[in-house]
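Coming up is one lone chain in structure tokens, specifically the form predicted alone.
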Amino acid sequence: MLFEKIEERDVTRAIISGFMTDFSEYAESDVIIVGGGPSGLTAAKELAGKGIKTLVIERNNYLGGGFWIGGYLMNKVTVRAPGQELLDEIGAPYEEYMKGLYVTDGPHACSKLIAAACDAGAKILNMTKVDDVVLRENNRVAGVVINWTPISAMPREITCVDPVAIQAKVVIDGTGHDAEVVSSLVRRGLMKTRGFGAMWVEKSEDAVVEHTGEVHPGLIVMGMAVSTVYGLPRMGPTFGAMLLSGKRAASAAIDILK
């Protein structure tokens, strides 16, 4: 077996061309999802599957957040009913540990969820950090200001890399407890948050899904960012609410787009 004859420049040009084509096209999207964890990937799957132009921004070089590694670095993740219905949708195998509580392999389920979002048509922008928001009339969120993640780790005195901005009709904050997009509005005095509370799995999961939705014109919160905004308990390494919060966020975004 012999590979086709190509040169190093061809590989470089293919990478640059493909990336820049996508980057240019998604400089304006219908929905920007900040955070590629289980909520973000679920929302991306739902939105892109309906033909909505969807971009996921992730600050790390991997997707899935805690859904990939589980609790205490043990890569089994738990899902409470009815969250297992999402696992059925993406074809991720799981076992019933006890009534209403299911266990799945994190890497397997996460890989299935990533594939489902990508197969639906969502685009992913890795190693990208949100620095700020784009605001329009009445302080409506109309996009985000982004930079490469490694830039934030460099000493300020030796780097001055200006960020760029991308726009969207709706922005969804799925950045976990940090609530990074919401924090941009807090710094500008446009929002207040209460901070997440102590762990209480049963109460937290129901409350997170219930409170998922628009918190500021053009901005939706989902997942554990919801806990930070509303002062809800944390939930630890169980992910049913994360998945269902992503579904609810997608539904909220569709309502706004309509």
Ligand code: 48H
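All values derive from a computational prediction rather than experimental measurement. From 1 onward, residues are counted along the sequence shown.
Here the subject shifts to the form predicted together with the named molecule, a form of this protein not shown in this document.
Partner proximity in the model of the complex, defined as non-hydrogen atoms within 4.5 angstroms of the named molecule, places exactly one of 210-218, 185-193, 47-55, 31-39 at the interface: 31-39. The closest non-hydrogen atom of Asn75 lies beyond 4.5 Å of the named molecule in the model of the complex. In the model of the complex, no heavy atom of Gln84 sits within 4.5 Å of the named molecule. A residue is said to contact a partner when one of its heavy atoms sits within 4.5 Å of a partner heavy atom; Lys123 fails this definition for the named molecule in the model of the complex, lying far away.
Although the partner is absent here, Val79 sits far enough away that none of its heavy atoms falls within 4.5 Å of the named molecule in the model of the complex.
Contact residues in stretch 230-253 (any heavy atom within 4.5 Å of the named molecule, taken in the model of the complex) are Arg234, Met235, Gly236, Thr238, Phe239, Met242.
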